[in-house]
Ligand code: GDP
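Heads up, the chain below is alone and in the form predicted on its own; it's given as structure tokens.
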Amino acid sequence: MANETKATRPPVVTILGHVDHGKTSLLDRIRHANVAAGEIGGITQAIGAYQIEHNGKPITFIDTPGHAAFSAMRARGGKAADVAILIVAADDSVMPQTRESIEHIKNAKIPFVVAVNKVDLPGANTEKIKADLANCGVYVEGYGGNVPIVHISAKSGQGVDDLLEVILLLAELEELKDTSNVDPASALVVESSLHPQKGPLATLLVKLGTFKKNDDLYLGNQNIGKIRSMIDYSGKTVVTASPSTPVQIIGFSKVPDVGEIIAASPSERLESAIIATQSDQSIDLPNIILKADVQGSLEAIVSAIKDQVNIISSQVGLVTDTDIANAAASGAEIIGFNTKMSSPVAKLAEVEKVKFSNFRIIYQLFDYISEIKEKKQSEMAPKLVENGQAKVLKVFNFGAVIVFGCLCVSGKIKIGDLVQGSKIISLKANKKDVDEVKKDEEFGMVIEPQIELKPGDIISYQSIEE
């Protein structure tokens, strides 16, 4: 009998940032604090992932490479994770790979925390880092935004506990569902190699279900081995691996590629479900699982709606408990055409809060798809609130940067507010950097991207409603 499903699963975390900013040092600091001395190194380094406990709560870390040559793998690492740490050296600030890492995090659409490392060095300048991050569209707490920022020293351990607390808080807000009872189990390949004695090896990060010793291993519908042995981050042999757990698997018949989805049984359905939750398209379009009575109807519907929604899977037949599990894991709605679900499956759908809509007339299905697409677009559109107005007094052109000297006519103006769609990234009053200015105060502002304003213009400034 399957174990009772827990409410949540451990968060999966990746650390991204510029080379030499301290990612490896931070990983080592966290690992040394949580793993016995005899277990450090060896298998811990080899599997590219490990799990720790902080205040009794497990956290999984993926050790994605930090060098620019491995940017593709780093992008996969970001998508495999629930939370990211953007590490920036306090004596070096934002660098090219920092900007690249920011793009990976934004594309993955996951929450993140900025870890300012090396704050104990003489050249540390955290205010410059905040300004440089703002220029990259990252606005930290206390600097016009809500991205958490923690000051740390990976060398001494200063602030590392605070960083772990923030990670757990972000994970709690994400409400990560435990999917250990989903069948079949599936996982993401985070590292792979060919061992001269052991043969093909791969580190899997379990995404859905629970892997067990002797389970078959499938890439899509292709059998590529059987689990002969599973080894955890500390080198111990385990017989099961649940969601968010990294394990090194022995038993592959060939070396799988990093980023591939491995399942415990043939399942194109699960592969497409996980990939869909990681794709950029799934962010912009509503996710659906499509079921129909016959193949001809299914193909006709897919052809008509494929550009309007993100179809995670499309199959003929009744709605199954696996469909419910996939929908719950990917935030999808199940759309049926001349199909239905059994009473036990309907109860599972109610528990998992998965919506099921069935249609017998095809144009009604098409109308419904249009409605949910419009609703999704409406939900995604930012709602703007007007905060007040300012008058442009002077324009200072410094080449790459244009500063507008203004007078606040009404309300308050803050860093991060919008002017004609451009974001305010810097405010100065009385020659000092400030976070906001009030009515009747004169100030200088820099906005990005630049727009054309002239003295005498009255501008409105807005903020995005939270």
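In case it trips you up, residue 1 is the first one in the sequence shown, and so on. All of these numbers come straight from a predicted model, not from anything done at the bench.
Keep in mind that the form predicted together with the ligand is missing from the display, and what follows is about it.
Look at 209-217, 227-235, 254-262, 152-160: in the predicted bound form, residues with non-hydrogen atoms within 4.5 angstroms of the ligand sit in 152-160. At the 4.5 Å threshold, heavy atoms of L121 reach the ligand in the predicted bound form. For the chain shown alone, N117 is a contact residue for the ligand in the predicted bound form, at least one non-hydrogen atom being within 4.5 angstroms. Taking the partner from the other structure, the ligand in the predicted bound form has a heavy atom within 4.5 Å of a heavy atom of V19. In the predicted bound form, at least one heavy atom of K23 sits within 4.5 Å of the ligand.
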